[in-house]
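Below, in structure tokens: the form predicted on its own, a single chain.
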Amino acid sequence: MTDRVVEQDSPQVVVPGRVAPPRGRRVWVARLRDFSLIPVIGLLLLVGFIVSPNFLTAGNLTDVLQQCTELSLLVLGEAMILIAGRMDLSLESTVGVAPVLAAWLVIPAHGGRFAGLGVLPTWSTVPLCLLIGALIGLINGLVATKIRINAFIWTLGMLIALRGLQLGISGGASIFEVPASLRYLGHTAWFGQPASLWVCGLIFLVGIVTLGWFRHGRSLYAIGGNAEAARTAGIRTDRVLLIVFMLASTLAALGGILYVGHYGSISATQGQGWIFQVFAAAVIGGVSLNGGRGSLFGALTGVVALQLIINVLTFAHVPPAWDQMVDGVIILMALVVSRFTSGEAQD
């Protein structure tokens, strides 16, 4: 079997049976891969303008970017988990169940169509939503690191259970009696631009810097490349994975908050089917499903490219029913391209 190459983005952990190429070439290849979708985004902008002159208007591009914010937080969380060699399918359910649970605890039982408990003050809605997300991530992380149940199977079950919890509490109906604090970030503008753009931009900046220049962030690559070698090198793999699962679910809950603020209500199907887009964006952004490879900047460009494709299809009057097929085709094409560019096709 041909030796596999240790990814550049991981710390210098010696992995038996693997040969690392010269560091300079690995840096160049990794950085080139991070920017590989920039020409694609430029081409999509050109195609969109050809399809409709209204595509390149400031209003439409702002709408596209704001739609990216909600999905991008899930992609950021999933990208970190994938880089660490795990998966979390329950993020799409966390987007919906965290706001529903928070609203249920703060909205009173009378005065509206949605009957809540009303046991907590309305100002606590946002912190409570984020806390619920972190708790879901804590459960997933403990199961993955302590009980050692396969994360894919466990989070698939969590996806179904959390979706059922959301439908049970909401009664299968959208919630319109949303506290003002839950609507703020997705509805407010800062310096002439949606607040959600500033929030997501800051979070991605912190994530990119952390994974690129800080030891704890870069340890994700070592864990995803070879967890046993990372543990031997002194990395506390279980603790790192637990933190990553909690961060990812908290980001998913924040994505749910932005979605609620953007549309002014908690949809009964909020987050449903998002996981397909999350994986599509992550994969085309260069994040490996095998772990140890990828970047948050690449994942971000994957989100933008995916939303631009959907927007172009909308202007071209393609029915939305085809969107899921497009996501699937994009994932398949990205996997094939990744297989050859990584050199794994020769194994």
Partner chain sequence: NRGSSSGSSAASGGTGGGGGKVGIDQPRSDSDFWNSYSKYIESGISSTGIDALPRTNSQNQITQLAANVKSLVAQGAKAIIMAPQDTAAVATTLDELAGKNIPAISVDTRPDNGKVYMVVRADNKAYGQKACKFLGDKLQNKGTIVEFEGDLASINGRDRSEAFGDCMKQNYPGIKVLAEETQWKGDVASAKLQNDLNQGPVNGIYMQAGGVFLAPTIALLQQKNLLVPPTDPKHIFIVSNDGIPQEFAAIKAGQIDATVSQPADLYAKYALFYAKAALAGQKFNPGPTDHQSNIITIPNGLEDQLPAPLVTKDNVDDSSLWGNQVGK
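Just so you know, these numbers come straight off a predicted model, no measurement behind them. Positions refer to the first chain, counted from 1. Note that the rigid core is defined as the largest set of C-alphas that superpose within 1.5 Å between two forms.
Quick note: we don't show the form predicted together with its partner chain, though the next part is all about it.
- Heavy atoms of Pro121 never reach within 4.5 Å of its partner chain in the model of the complex, leaving it off the interface.
- A residue is said to contact a partner when one of its heavy atoms sits within 4.5 Å of a partner heavy atom; Ser181 fails this definition for its partner chain in the model of the complex, lying far away.
- For the chain shown alone, Phe204 is not a contact residue for its partner chain in the model of the complex, no non-hydrogen atom being within 4.5 angstroms.
- In the model of the complex, its partner chain sits beyond 4.5 Å of every heavy atom of Leu142.
- Checking Ile243, Leu167, Ala134, Leu105 for any heavy atom within 4.5 Å of its partner chain in the model of the complex turns up a single hit: Leu167.
- Of all the residues from 83 to 108, none has a non-hydrogen atom no more than 4.5 Å from its partner chain in the model of the complex.
- Comparing the forms between the shown form and the other one, the C-alpha position of Val318 differs by 2 angstroms or more, with the core used for superposition.
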